[in-house]
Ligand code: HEC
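So this first bit is one chain, no partners, the form predicted on its own, shown in structure tokens.
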């Protein structure tokens, strides 16, 4: 009798885990892919240098390693159990342009499954030309051998995907607001908006007006209107405030990315962010619950 009870309990447990796996997989595969990327990817000195700048300023080196060799984040982020940033130089050679674009801008893996850790929302408004340049650079970068384990999504994460309201990266990328400023009518402001929406919304909310989903709330970037351009430049280049005050996540991110921004980038970005103070803060968005 006891053996039958144990067998029944085992069958129920296996059924429950199997059901959880299937339901979480169904959620991760519930994606709406855009038409395949067809913009030409030309590998030459110009596109490679442009792509290198984009990879550096948008954080590819920070997550994928300074040689794009890939990283194991299991010790730093245990929610997925094993989060792996792949070897990008190798990945770019193994996949076609459309597959790479889907991962970069849409948050969709080569398998057609939504990604869980790639911040595609920071790239979703990247232009076709810049996306092509980024692919050209990644495909031209030397492959540095690095053995990495297989990514793994644990049962706690699968429960949150299935029942806990977790949003995968395709959902995030799809939620990024469209660029609003007409580049023909206001080219300077449009360049600033483009930079903000492809540099800053990874941490400061998809609309740049702040977020509080990452443990450490990030401020509304309308706060830039309270500081001078020189102060802004110091913050964005060094990640520190007055008196070298540490600024949390900004300190961590800025030093690896933003020293590579040009003076023109800062001249375009600063005035755009200052205009946010005169605009209402959107309500009922999931990144500011």
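Throughout, rigid core stands for the largest set of C-alpha atoms superposing within 1.5 Å between the two forms. Numbering follows the first chain given and starts at 1. Remember, it's a predicted structure, so these values are computed and weren't measured experimentally.
What comes next is about the form predicted together with heme C, which does not appear here.
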- Message: Can you pick out, from 132, 176, 109, 161, the residue that has a heavy atom within 4.5 Å of heme C in the model of the complex?
- Response: 109
- Item | Residue among 206, 103, 190, 89 with a heavy atom within 4.5 Å of heme C in the model of the complex | 103
- Message: heme C is absent from this chain, but in the model of the complex, do 25, 74 and 213 each have a non-hydrogen atom within 4.5 Å of it?
- Response: no
- Task: Tell me, yes or no, whether residue 84 is in contact with heme C in the model of the complex, where a contact means a heavy atom of each within 4.5 Å.
- Result: yes
- Query: At the 4.5 Å heavy atom threshold, is residue 202 in contact with heme C in the model of the complex?
  - Reply: yes
- Using heavy atoms and a 4.5 Å limit, would one call residue 258 a contact residue for heme C in the model of the complex? yes
- Task: Answer with yes or no whether residue 64 is in contact with heme C in the model of the complex, where contact means some heavy atom within 4.5 Å.
- Result: yes
- Message: Using a 4.5 Å heavy atom cutoff, which residues in 108-123 contact heme C in the model of the complex? It's fine if the answer is none.
- Response: 109, 110, 115, 116, 117, 118, 119, 123
- Task: Verify the C-alpha shift of residue 45 between the shown form and the other one: is it 2 Å or more after superposing the core?
- Result: no
